[in-house]
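Only one chain is included here, represented as structure tokens and corresponding to the form predicted on its own.
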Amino acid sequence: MKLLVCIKQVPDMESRFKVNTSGDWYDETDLAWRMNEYDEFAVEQAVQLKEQIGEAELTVLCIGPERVKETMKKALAMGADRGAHIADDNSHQQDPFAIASLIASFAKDKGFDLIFTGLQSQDRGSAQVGVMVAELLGIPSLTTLVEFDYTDGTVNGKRELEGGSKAKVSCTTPALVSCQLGLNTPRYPTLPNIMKAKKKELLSIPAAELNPPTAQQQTINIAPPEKKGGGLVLEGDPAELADQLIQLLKEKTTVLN
């Protein structure tokens, strides 16, 4: 069985973000990088399936500049067998369709039985790439999974709906699944596995070789949220507070006019 898990390198969400000089993305200077949180659940589920089946090949794929290889090594240390790095220094400028097209172009002739992705990325949060990959490959997709089971070529799962409800879903392979937070508990790579990961195959493929399409969307500019004025804390006993509040409503609003 051949498995593919797609991951993305994103900034640590605790980083201090600022807009870059072009005004169309965040400044990458001094940012700490990590695997997209949703993708950690995808890697774990793919590794668990590999362990369940016994005879399976698991490839981890990541698109981006040279630095993403460090994040790929974590997936290799978690249990992936080999890595495929699609080298693209401008991947942050690609829209979901362009990213999905690169993945589909890589995967189309590889015979993958199951493709795992995270539900969405923490930086863009479009939740579109996974389903687009499935559509481009002409295979079914099960999204937002919080439960997963594989038996004899059939994937059964439960997907998260609004309000805490869950829907039972099922399909036969080949297929793609996108993983929601809480699907499993991602493992921490052990030191021996980290050392083994350094010797695993990690190939780079220039994005141009996969004939990426022209992006359908373009980010014109981004900006941090506008700062709001500070709040006003009223102090005193209840009667005084009531008088202060009424006076403020008269002066600052039209509620009592």
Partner chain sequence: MKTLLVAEYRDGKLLGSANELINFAAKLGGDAVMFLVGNETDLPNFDGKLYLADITQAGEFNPGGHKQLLLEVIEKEQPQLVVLPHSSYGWDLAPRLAVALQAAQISEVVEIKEGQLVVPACNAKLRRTVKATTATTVATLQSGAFTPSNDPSGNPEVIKLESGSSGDIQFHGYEAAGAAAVDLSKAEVIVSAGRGIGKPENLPIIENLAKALKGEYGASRPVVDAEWAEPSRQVGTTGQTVAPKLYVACGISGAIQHLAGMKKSEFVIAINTDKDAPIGEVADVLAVADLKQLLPILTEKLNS
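Numbering follows the first chain given and starts at 1. From a predicted model like this one, the values you see are computed outputs, not experimental measurements. Here, rigid core means the biggest group of C-alpha atoms that superpose within 1.5 Å across both forms.
The same protein has a further form, the form predicted together with its partner chain, not shown here; the description that follows concerns it.
Q: Is it the case that Lys158, even though its partner is missing from this view, gets within 4.5 Å of its partner chain in the predicted bound form, heavy atoms only?
A: Lys158: contacts its partner chain in the predicted bound form.
Q: Can Lys110 be called a contact residue for its partner chain in the predicted bound form at 4.5 Å between heavy atoms?
A: Output for Lys110 is no: heavy atoms all beyond 4.5 Å of its partner chain.
Q: Answer yes if any heavy atom of Met132 is within 4.5 Å of a heavy atom of its partner chain in the predicted bound form; otherwise answer no.
A: Looking in the predicted bound form, residue contacts with its partner chain include Met132, since a heavy atom lies within 4.5 Å.
Q: If you check in the predicted bound form, is Ser105 within 4.5 Å of its partner chain, heavy atoms only?
A: No, Ser105 sits far enough from its partner chain in the predicted bound form that none of its heavy atoms falls within 4.5 Å.
Q: Exactly one stretch in 48-56, 192-200, 62-70, 22-30 has heavy atoms within 4.5 Å of its partner chain in the predicted bound form; which is it?
A: Contact criterion met by 22-30 only.
Q: State the residue from Ala77, Ile139, Ala98, Ala84 whose non-hydrogen atoms include one within 4.5 Å of its partner chain in the predicted bound form.
A: None of the others qualify; the residue that does is Ile139.
Q: Taking 2 Å as the cut-off, check whether the CA of Val19 shifts that much or more between the shown form and the other one after a rigid core fit.
A: After core superposition, the C-alpha of Val19 moves less than 2 Å between the shown form and the other one.
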